[in-house]
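A lone chain, given as structure tokens: the form predicted on its own.
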Amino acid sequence: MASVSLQHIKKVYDNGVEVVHDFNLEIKDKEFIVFVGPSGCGKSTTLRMVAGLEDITGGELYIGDRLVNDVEPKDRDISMVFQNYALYPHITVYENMAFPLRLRKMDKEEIHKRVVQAAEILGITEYLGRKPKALSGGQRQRVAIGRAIVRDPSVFLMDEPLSNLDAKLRNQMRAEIILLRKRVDTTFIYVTHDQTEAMTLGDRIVIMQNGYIEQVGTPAEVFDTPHNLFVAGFIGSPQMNFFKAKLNKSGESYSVLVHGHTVQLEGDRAALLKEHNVSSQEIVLGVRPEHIALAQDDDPNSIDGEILVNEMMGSELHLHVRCGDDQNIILRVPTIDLSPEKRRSLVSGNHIRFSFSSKVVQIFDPKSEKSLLWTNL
């Protein structure tokens, strides 16, 4: 087992394009870290530098106490699972899993023991005699993971291993990786563009954009305390709603004016603004779809909106609503508490009123895009 230390890591290609900028991260022994971000943000490039598949342009990379910038991939004591499985089609599952151990000239009995043990962990014992073409996508991915497990690496690297699977298999494999982590007690670095995977798998999440780290934290931290507009909009499904609003300070009190409706800020929101000495200013107000509630038609403390689209999601409705001239937002409305009459009224073209508690809002500076609540964290 090993910790991983990335110190001022950067990657510049021959054409001068810098794709990873001053990347600094300390990964603890046996920690499960997830790199997440949109396509092209540098997450896979960073993982490949850890693996030794990309040269490091600048900075220092340590696995355990050993500087590995110039160490060959085979000598880094890591295993990697790729998006496309990378299995040999002409040999059996058993031989695919045994292959890296044969390269090490390991004893046959030890090879057999490790392959069988890994197959039992992953539930693929019955497929050991088959060739990869006879397996489903999910089964092939288990084989690829098994081939990595048998090496008993210090660091386990996974580059978007579930992206080629359908939604049902992704959910199943996600649960299996969580269980696998408990049985294979090592350090994991996992890359994905899927924020649901990141939130469910990671001890900590590294959110990246354009080669930079935007925020590092536990799933709860990046969800509850996003440091900027990008993180707030990237984490959460559907994404956070953003309103143009005005923050007003009156003595020791704060309120927000949004679409003609005044929301008095209370609790920790007001306390943090006071602590940071925030003055009256234009802001971007963030509210998650699940934190917006339908209000009564005669409720004066609510905002009017017109339903554009009603998406039936089973246990909840996703209402796409226009409020004002150019503001479109999404509400997540649980169906369990809706009367049949109310549900029939939530159709395109009808108006609703909605409200939200000040306890759950996020507040951002529209110029810097940084949070006015969590800037000192």
Partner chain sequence: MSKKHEIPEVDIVVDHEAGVIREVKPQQTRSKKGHERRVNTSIYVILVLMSIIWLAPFVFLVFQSFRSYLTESGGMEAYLLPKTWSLDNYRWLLTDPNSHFLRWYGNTLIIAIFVAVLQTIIVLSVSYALSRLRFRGRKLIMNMVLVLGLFPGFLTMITLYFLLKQFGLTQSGAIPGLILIYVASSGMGYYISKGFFDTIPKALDESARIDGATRFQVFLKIIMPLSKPIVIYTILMAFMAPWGDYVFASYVAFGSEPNYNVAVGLYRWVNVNDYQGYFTRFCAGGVLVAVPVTALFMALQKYYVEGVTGGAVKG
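As the structure is a prediction and not an experimental result, all values here were calculated from the model. Numbering follows the first chain given and starts at 1.
Just so it is clear, the following notes concern the form predicted in complex with the partner chain, a form of the same protein that is not shown.
Against the partner chain in the predicted complex, the set T218, F223 and F230 makes no contact: no member has a heavy atom within 4.5 Å. Stretch-level contact analysis of 143-151, 187-195, 120-128, 282-290 against the partner chain in the predicted complex, using heavy atoms and a 4.5 Å limit, identifies 143-151. Of the heavy atoms in K74, some are within 4.5 Å of the partner chain in the predicted complex. Interface membership of P89, defined by any non-hydrogen atom within 4.5 Å of the partner chain in the predicted complex, is confirmed. At a distance threshold of 4.5 angstroms between non-hydrogen atoms, S302 is out of contact with the partner chain in the predicted complex.
At a distance threshold of 4.5 angstroms between non-hydrogen atoms, L308 is out of contact with the partner chain in the predicted complex. A heavy atom within 4.5 Å of the partner chain in the predicted complex is found for one listed residue only; from L162, L273, V263, I78, this is I78. With the partner omitted from this view, the residue of L103, A175, A134, A167 that lies near the partner chain in the predicted complex is L103 [heavy atom within 4.5 Å]. Annotation for 40-66: interface residues with the partner chain in the predicted complex are R48, A51, G52, L53 [heavy atom within 4.5 Å].
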